[in-house]
Ligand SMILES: Cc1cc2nc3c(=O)[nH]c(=O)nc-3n(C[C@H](O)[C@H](O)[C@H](O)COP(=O)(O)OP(=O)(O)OC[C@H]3O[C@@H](n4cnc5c(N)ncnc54)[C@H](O)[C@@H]3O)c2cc1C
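Quick heads-up: it's one chain on its own, the form predicted alone, in structure tokens.
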Amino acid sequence: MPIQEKCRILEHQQIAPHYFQLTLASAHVSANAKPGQFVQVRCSEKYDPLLHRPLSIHRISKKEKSFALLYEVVGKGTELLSQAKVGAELDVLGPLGNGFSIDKNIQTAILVGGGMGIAPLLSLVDKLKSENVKTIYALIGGKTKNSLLCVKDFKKLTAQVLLATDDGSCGEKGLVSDTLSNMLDKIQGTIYACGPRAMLKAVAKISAKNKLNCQVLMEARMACGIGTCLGCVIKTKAGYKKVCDDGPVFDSKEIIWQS
């Protein structure tokens, strides 16, 4: 059950140009959040921008009673958020949405993240390890070397990290979905993906071709975050569904991928 609360900023640091990691204190979110869920954050006390911003939960620490968010400065709201100081409080609503599901019989998990899509996948690795999943692969893609985020963090948790960049500046040259397609010739498992829609569409097609289960975390513009405004609907085989409430995690076979 989500609640609205004031969360104190414990840490706030820039991890790359335009990218920040924000750690907030919350006994409620840390105790109840699942990988793939998100929170709505009010970026400042000003009324412009008025709406909260949806941000995926990046890490969860029940011991420290805190959670972390990873975000990119892309507009006025996140620019204001980047100026928030340690010790200040932010208005937060969460945890929201439905997260990733982990079948007890999973032996191998393949995580695919493109750009900011890696944000919810680090907490998923933590959860998979706690569920004793034997083998975890993390495929991380970006336009350039500088857009590959949290690589060291993933390598601390799993030795199976594969990188891909559009320009070949780090890892394989090409799309991370191509890296996935190539590895499935030898390795198969349950796929979890988050990133740009085009990437998710490609991953869904590859998963279907290989007859593998695939969960995708969909992104959409959100206003309320609780399923009231209907501003984030997507088309599925069961009709229109709300990303914030029915998702943001969906079975890839459920989505109608045509633009």
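Sequential numbering from 1, following the sequence displayed. As the structure is a computational prediction, the values presented were derived from the model and not from experiment.
In what follows, reference is made to the form predicted together with the named molecule, a form of this protein that is not presented.
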Requested in this report: Only one of Ile234, Met199, Leu55, Ile206 comes within 4.5 Å of the named molecule in the predicted complex by heavy atoms, so just point that one out.
Outcome: Leu55
Report task. Kindly confirm or deny that Gln14, Gly113 and Ile140 each have some heavy atom within 4.5 angstroms of the named molecule in the predicted complex. Result -> no
Query raised in the report: Looking at the partner-bound form in the predicted complex, is Ala119 within 4.5 Å of the named molecule by any heavy atom?
Result: yes
Requested in this report: Answer for Gly75 alone: is it within 4.5 Å of the named molecule in the predicted complex, judged on heavy atom distances?
Outcome: yes
Query raised in the report: With the cut-off set at 4.5 Å between non-hydrogen atoms, does Ala31 touch the named molecule in the predicted complex?
Result: no
Query raised in the report: Even though the named molecule is not shown here, does Cys214 get within 4.5 Å of it in the predicted complex, heavy atoms only?
Result: no
Query raised in the report: When the named molecule is placed as it is in the predicted complex, which of 175 to 183, 153 to 161, 104 to 112, 75 to 83 ends up with heavy atoms within 4.5 Å of it?
Result: 75 to 83
